[in-house]
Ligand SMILES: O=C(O)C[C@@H](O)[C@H](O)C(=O)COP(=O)(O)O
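One chain follows as structure tokens, the form predicted alone.
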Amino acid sequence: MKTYQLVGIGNAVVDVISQADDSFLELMGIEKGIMQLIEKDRGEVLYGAMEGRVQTPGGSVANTIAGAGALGLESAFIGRVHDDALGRFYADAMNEDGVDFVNPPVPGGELPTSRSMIFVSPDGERSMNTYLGISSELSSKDVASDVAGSSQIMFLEGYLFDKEKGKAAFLEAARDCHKGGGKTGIAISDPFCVERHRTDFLLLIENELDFVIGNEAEIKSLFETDDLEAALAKTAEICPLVVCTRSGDGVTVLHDGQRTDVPVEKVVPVDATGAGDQFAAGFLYGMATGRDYETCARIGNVCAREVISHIGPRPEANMIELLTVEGLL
């Protein structure tokens, strides 16, 4: 069985991007500048109305794994897609990006492949309409124990906690990874996800995980406080490694009682989509290759800085060359 340096589990979502002016958004009843969850029928209407569609494989942890794969890690992604045109596109695109998409598209799947219809306005605003589809049906049967058990690092996506079978798959995967000597961690995903699953998140972090990565709002939401320092301290009490991104204020890393604050170079983003995902890609790359945590954070910062310099959630530059110039490789 192949050994992986990094394995991710999360939503496999095709990002479908199209240009649209404000009159089109109004005509279609699309709220500008926000992300909305939509149902299947609405998704089909919007997909059919898109002109000049550009499709890319997406999903938060999938973007992280793709970023780490671009840095050279032996990486795999576990997600659920239907054996339809979008599902086959997704699987092929991940494999072409150097990431093993280990689950074949599901023939006769219960739902279509997940997709997010993203309408980009002339002013740069992105209006996202996401149909979760088959990816949210991921369960233990989608997570091969030999893949989980042969991973050096396993990274889990908090959004999958919205269904009980997703939680069960997480637990089994984390335990299989630990049995094989690997480390497991989670991307908290967003504060609203924490609000829905706070108790389960805290139990998972305390009893099953080796690290947690989140931003200020997500870390504070874990303990229902506006005091970031208090939230960081409480999270560090239950987890050996806590990584908190704080936008322009840098990154805070807490590990076994030691704190490291790493500054960032402030830049004006072209598109902030994917900043957290690519930070995680760089940080996990550093972990997998034995760097100290300050260097991991610095690598993550460079990856985040690159992705916000253009439209789209995945790197466009040669990140190995960029990190070499920065003296980090």
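Only the largest set of C-alpha atoms that superpose within 1.5 Å between the two forms is called the rigid core. In case it trips you up, residue 1 is the first one in the sequence shown, and so on. Since this is a predicted model, take the numbers as computed values, not measurements.
There is another form of the same protein, the form predicted in complex with the ligand; it is not shown, and what comes next is about it.
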Taking 67, 282 and 322 as the candidate spot, are all three within 4.5 angstroms of the ligand in the predicted bound form by heavy atoms? no
Exactly one of 35, 45, 54, 28 has a non-hydrogen atom within 4.5 Å of the ligand in the predicted bound form; which residue is it? 35
Could you tell me which one of 235, 116, 221, 150 places a heavy atom within 4.5 Å of the ligand in the predicted bound form? 116
Would you please decide whether residue 170 lies within 4.5 angstroms of the ligand in the predicted bound form, comparing each non-hydrogen atom pair? no
Give a yes/no on whether residue 275 approaches the ligand to within 4.5 Å in the predicted bound form, heavy atoms considered. yes
Does the 4.5 Å heavy atom contact test between residue 13 and the ligand in the predicted bound form come out positive? yes
Find out whether any non-hydrogen atom of residue 204 is located within 4.5 angstroms of the ligand in the predicted bound form, and reply yes or no. no
Heavy atoms within 4.5 Å of the ligand in the predicted bound form: which of the stretches 176-184, 127-135, 104-112, 71-79 has them? 127-135
Does anything in 40-67 come within 4.5 Å of the ligand in the predicted bound form by heavy atoms, and if so which residues, in order? 58, 59, 60, 63
Comparing between the shown form and the other one on the rigid core: C-alpha of residue 33 shifted by 2 Å or more? yes
Rigid core fitted, is the C-alpha displacement of residue 101 between the shown form and the other one 2 Å or more? no
Against the rigid core, is the Cα displacement of residue 118 between the shown form and the other one at least 2 Å? yes
